[in-house]
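Only one chain is shown below, in structure tokens, and it's the form predicted alone.
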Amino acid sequence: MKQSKLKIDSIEKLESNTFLISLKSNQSNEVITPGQFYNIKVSDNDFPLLRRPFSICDFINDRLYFMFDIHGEGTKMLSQKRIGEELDLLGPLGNGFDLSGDFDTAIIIAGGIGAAPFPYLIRKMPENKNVVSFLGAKSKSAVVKYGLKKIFISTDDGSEGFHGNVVHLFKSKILDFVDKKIKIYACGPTPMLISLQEFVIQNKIDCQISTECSMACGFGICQGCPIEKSSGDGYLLVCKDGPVFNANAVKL
């Protein structure tokens, strides 16, 4: 982990509310694990007071990429940045996805902006692994396919792909993978993760989930992002022990 000031190299609107920003970095991709995040100061003054956590979306050559939706003043300010401006970053932080294991097919399940960490995961996935992506969104206008492979789409309103949520879509396709050794990587809203967690535990499927919560420091000092262990014997910290956990390790 280190603090750095990086210049904005590009900013692009992918959909009506989704942006992709790249920063020129002096870090090596060997020290960055898919699923980790950076805590970014989005302004030069004291508002917003706290940094905002953003998953590493991609790392290409010496460019760091972050994908985000506008949800409040912080992300709105970030979307209005200009090429050449500097951002103050702290990271990489947290524990990311584990790409090892006895599997031949990596299944990505992403809900909304939960797709953000997966382009880099796909880039780092061993070449002998097959990748299939299940992507859920509220409607066709919110579907962001950036960096994903072999995509199945679900929308809440049925305007594109499967009419329903992304976990139901995955369940409808589960028989396609009966002869495969699968490992699931998931990120999205907590209700989506709860539904998926129940299914993978019942069916003994290897699954890692990237969790979301409000956090302040981003590295464990403030103790402000606890998540209960599934064993019931204490808590972990999303920023330090996560944000990625095995699906059977935490209680959502």
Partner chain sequence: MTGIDLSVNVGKLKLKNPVLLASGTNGYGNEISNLTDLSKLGGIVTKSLSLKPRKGNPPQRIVETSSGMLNAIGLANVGVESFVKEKIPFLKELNTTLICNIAASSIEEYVECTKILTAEELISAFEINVSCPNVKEGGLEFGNDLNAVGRITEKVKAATNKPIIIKLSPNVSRISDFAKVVKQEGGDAVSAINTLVGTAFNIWTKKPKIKNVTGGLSGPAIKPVALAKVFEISRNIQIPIIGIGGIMNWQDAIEFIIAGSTAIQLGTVNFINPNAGVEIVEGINAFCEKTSVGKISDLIASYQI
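Numbering follows the first chain given and starts at 1. Everything quoted here is computed from the prediction, not taken from an experiment.
If you look for the form predicted in complex with its partner chain, you will not find it shown, but the lines that follow are about it.
Could you tell me which of 220-228, 59-67, 194-202, 181-189 sits within 4.5 Å of its partner chain in the model of the complex, going by non-hydrogen atoms?
-> Going by heavy atoms within 4.5 Å, the stretch is 220-228.
Every residue of 48, 52 and 234 near its partner chain in the model of the complex, heavy atom within 4.5 Å = All of them do, each having a heavy atom within 4.5 Å of the partner.
Even though its partner chain is not shown here, does residue 90 get within 4.5 Å of it in the model of the complex, heavy atoms only?
-> Flag for residue 90 set to yes.
Can residue 246 be called a contact residue for its partner chain in the model of the complex at 4.5 Å between heavy atoms?
-> Taking the distances in the model of the complex, the answer for residue 246 is no, it never comes within 4.5 Å of its partner chain.
Could you tell me if residue 32 has a non-hydrogen atom within 4.5 Å of its partner chain in the model of the complex?
-> Taking the distances in the model of the complex, the answer for residue 32 is no, it never comes within 4.5 Å of its partner chain.
So, in the model of the complex, is residue 207 in contact with its partner chain at a 4.5 angstroms heavy atom limit?
-> Answer no; every heavy atom of residue 207 is more than 4.5 Å from its partner chain in the model of the complex.
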